[in-house]
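This document opens with one chain alone, in structure tokens, the form predicted on its own.
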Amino acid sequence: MLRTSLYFLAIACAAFFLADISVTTLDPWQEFARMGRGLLTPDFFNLPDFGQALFNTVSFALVGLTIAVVLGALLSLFFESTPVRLFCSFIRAIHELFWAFIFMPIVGLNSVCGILAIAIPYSGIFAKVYAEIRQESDQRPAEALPPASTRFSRFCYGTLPLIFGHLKDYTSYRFECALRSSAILGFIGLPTLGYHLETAFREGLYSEAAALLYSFYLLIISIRIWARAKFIVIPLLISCLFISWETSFSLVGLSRFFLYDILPWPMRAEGFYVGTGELVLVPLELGKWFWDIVVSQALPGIWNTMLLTQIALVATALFTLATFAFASRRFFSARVTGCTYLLFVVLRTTPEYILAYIFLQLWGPSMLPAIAALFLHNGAILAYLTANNVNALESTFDAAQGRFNRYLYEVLPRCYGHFLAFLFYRWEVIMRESAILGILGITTLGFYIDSAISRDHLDTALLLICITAGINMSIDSFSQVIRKRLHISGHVASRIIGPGESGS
């Protein structure tokens, strides 16, 4: 484990010197002071359309998650099938913002676009995690059923009663994640809290931005009150009844999107210029088009995305190792651990995209805002989980005296394997976020995808999105290989949130 950790540290150090890390703003501290004053003086009385934005944020998340639970549960029953597993891996490898970009030309910039952007990737996530929970459960009750029983019957009567609590806990956790996804969809124009938050930051209205952030924190913290499993059907029905279902969808538009708009430009160019819409397959021109995109956009985007991912991954690890002890009862008093937990709640509740946007205002467009946002958000999650894991350890008879010795010689050796398991599980997530942060102007793959969409080059955007998904799938597979070689849990996702816990 130590050797693997040192390899990753060396790679991150090399990436740090190759990355674009700089501060380009003239006076970041003055802007930081203005933000600080805004955080201390939130303006809750000057938030136009706040109620509608809050309703949309909850509705997009709730309806999208409901669809994802149904689809994910069905897919999980056939997850052992290689085509199903690859399909789920592909759809969850594409970030919600990228899915919104894909659906926008089909249904328009509306509620349906936001719901589908959450439902599709979350279906792949649920399929994987539900399948892992099912595979780790006791199989004897299902095996005791009559041989003629169908797979669905075996699941409902032999497995579901055993794993229902774990499924409910993980689904509740994912609802919190869906609320964050719903909020950041506002940064591309959908009418959620993120839309007003982006407007407030862009115009320097930091008191209004603070009010929006605090409202979002209260929304996340209050989930356990208004989103209990017994009563969740009520807000779900309200969302379905009062959300806007108007779209610009048409079969003609759908067929045009799949059969014309996303096809490579060389196939459409001749018909476009003469006005016939005819498609022509010229292999040489098609190869040149593909090569130009790979050289001028894909390779630079992949390079910067991987640099950012590796730096953020190791920075997340270092942040976790440096802070989890402050949240553990084995090291500090309840007052210290309580304050640390509160800090972790704020950091893990705030989406990386919003954190990066805030740091971008302070430091300008480089990888520095993205690195800070990624390691603070993911580090808070891992530190929270690691602290909980440490609190559950039984004390040994020869426990070390003193916090520093206890940390190095007793606690860290015993929790390091689980920590690496959590870290490698987050690797895929960090990669997805590194790509999407390019929308903010950082030259990762998301930057080139956003540029292609703004120029209405849907063929280029879709190719780059598929490349992003392929890289993410490769990282997920590589992470599983490393976990197996290190003999650490290969099913971390199903254990990240235990009964009664909450995370990100």
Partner chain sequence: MKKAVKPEILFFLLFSVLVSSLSQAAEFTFTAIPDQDTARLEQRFSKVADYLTDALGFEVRYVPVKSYAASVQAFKNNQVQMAWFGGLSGVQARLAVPGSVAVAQGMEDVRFRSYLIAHHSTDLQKSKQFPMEIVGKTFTFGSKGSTSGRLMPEYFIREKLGKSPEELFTRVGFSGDHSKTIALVQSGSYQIGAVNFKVWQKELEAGRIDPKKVTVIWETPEYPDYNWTVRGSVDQTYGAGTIEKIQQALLAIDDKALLAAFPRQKFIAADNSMYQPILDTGRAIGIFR
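Residue numbers count along the first chain shown, from 1. Between two forms, the rigid core is the largest collection of C-alphas that superpose within 1.5 Å. Computed from a prediction, not measured in an experiment: that's the story for all the values here.
As for the form predicted in complex with the partner chain, it is not shown, yet the points below apply to it.
Interface residue among 135, 361, 389, 215 relative to the partner chain in the predicted complex, by the heavy atom within 4.5 Å criterion: 361. Only one of 124, 186, 351, 379 comes within 4.5 Å of the partner chain in the predicted complex through a heavy atom, and that residue is 186.
Within this chain, residue 203 lines the site of the partner chain in the predicted complex, having a heavy atom no more than 4.5 Å away. The partner chain is not shown here, and in the predicted complex it never comes within 4.5 Å of any heavy atom of residue 169. Taking the partner from elsewhere, residue 272 is found to have a heavy atom lying within 4.5 Å of the partner chain in the predicted complex. In the predicted complex, residue 52 stays away from the partner chain, with no heavy atom inside 4.5 Å.
Only one listed stretch (37 to 45, 453 to 461, 471 to 479, 56 to 64) carries heavy atoms within 4.5 Å of the partner chain in the predicted complex, and that stretch is 453 to 461.
Of the residues in 365 to 386, those that come within 4.5 Å of the partner chain in the predicted complex through at least one heavy atom are, in sequence order, 365, 366.
With the core held fixed, residue 283 shows a CA shift below 2 Å between the shown form and the other one. The Cα shift for residue 90 between the shown form and the other one, taken after rigid core superposition, is smaller than 2 angstroms. The Cα shift for residue 121 between the shown form and the other one, taken after rigid core superposition, is smaller than 2 angstroms.
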